[in-house]
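Just the one chain here, the form predicted alone, laid out as structure tokens.
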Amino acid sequence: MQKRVLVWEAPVRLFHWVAVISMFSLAVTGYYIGFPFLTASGEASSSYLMGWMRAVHFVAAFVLGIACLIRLYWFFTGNEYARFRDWIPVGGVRRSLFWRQVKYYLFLTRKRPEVLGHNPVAGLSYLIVLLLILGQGLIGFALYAEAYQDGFWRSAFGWLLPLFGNQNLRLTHHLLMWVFAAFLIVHLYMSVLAEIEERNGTLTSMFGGYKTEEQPDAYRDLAYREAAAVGEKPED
């Protein structure tokens, strides 16, 4: 008998899709700003295509920044699947699951660890991506501040310009875009793989929030067995 479990709360799902839409908008408009691949007929001032691309780029960056702040807040107030420890492989149980997951990805074992929330490898990758997003935003705001000689933006982010140089920041900003694109491809592949092998509603859970498990409290039972195996006190 299967049990439906609310794994991804509404703020987590909202952050996920806002991040997807924002990052896609940022990638397309950012690529256009660097390499204008569309041309408008007539006077450039009448179409203002580059201006619109820059405007969408900036708005998407602000939206993504606000979404990241809400997600950081939810790390402390969300359910057990939304908190920091679901992203960081600390503690004997999570470390054990982490290495078992690594062995599975490296084809060293056929048994996929059963984890209802983020598996430890995926959780750690999401943490790294979140830090890269924050770094990308910092660089983006520094480039945005370049147009100002003083004021808030220049004071808050302009110090990066003399420290790293304009071209280095632009190159890093561009390269990180491709890192995010590569992550998206791997993320999609892993999600489909989990859906096929686990059959617990991995893909649909990102819309409705619910997954299914064969036995109630399967994850907690597994955690207790893992903790007992390494001689540690089980986490509540």
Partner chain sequence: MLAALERKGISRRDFLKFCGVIGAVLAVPAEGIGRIAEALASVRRPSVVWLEFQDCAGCSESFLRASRPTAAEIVLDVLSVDYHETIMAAAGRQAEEAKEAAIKTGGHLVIVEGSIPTKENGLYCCVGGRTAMELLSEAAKGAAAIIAVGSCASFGGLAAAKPDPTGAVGVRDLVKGVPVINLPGCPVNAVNITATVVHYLTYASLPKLDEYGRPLFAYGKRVHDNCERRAHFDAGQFVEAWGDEGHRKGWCLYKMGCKGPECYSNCPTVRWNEGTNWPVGAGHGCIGCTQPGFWDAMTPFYRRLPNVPGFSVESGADKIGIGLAAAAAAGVVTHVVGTAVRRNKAKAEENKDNS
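Source: prediction; values computed, not measured. Residue numbers count along the first chain shown, from 1.
Same protein, other form: the form predicted together with its partner chain, not shown, and the subject of what follows.
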(request) Run the contact test on Gly65, Thr77 and Arg83 with a 4.5 Å heavy atom cut-off to its partner chain in the predicted complex and return yes or no. (result) no
(request) Give a yes/no on whether Tyr105 approaches its partner chain to within 4.5 Å in the predicted complex, heavy atoms considered. (result) yes
(message) Does any part of Leu161 reach within 4.5 Å of its partner chain in the predicted complex? Heavy atoms only, please.
(response) yes
(message) If we define contact as a non-hydrogen atom of the residue within 4.5 angstroms of the partner, is Leu69 a contact of its partner chain in the predicted complex?
(response) no
(message) When the contact criterion is heavy atoms within 4.5 Å, does Met50 count as touching its partner chain in the predicted complex?
(response) yes
(request) Work out which of the listed stretches, 69-77, 161-169, 123-131, 84-92, brings a heavy atom within 4.5 angstroms of its partner chain in the predicted complex. (result) 161-169
(message) Give me the residue from Met206, Ala27, Ile33, Val56 that has a heavy atom within 4.5 Å of its partner chain in the predicted complex.
(response) Ile33
(request) Between 183-202 and its partner chain in the predicted complex, list the residues on our side with a heavy atom within 4.5 Å. (result) Ile185, Val186, Tyr189, Leu193, Ile196, Glu197
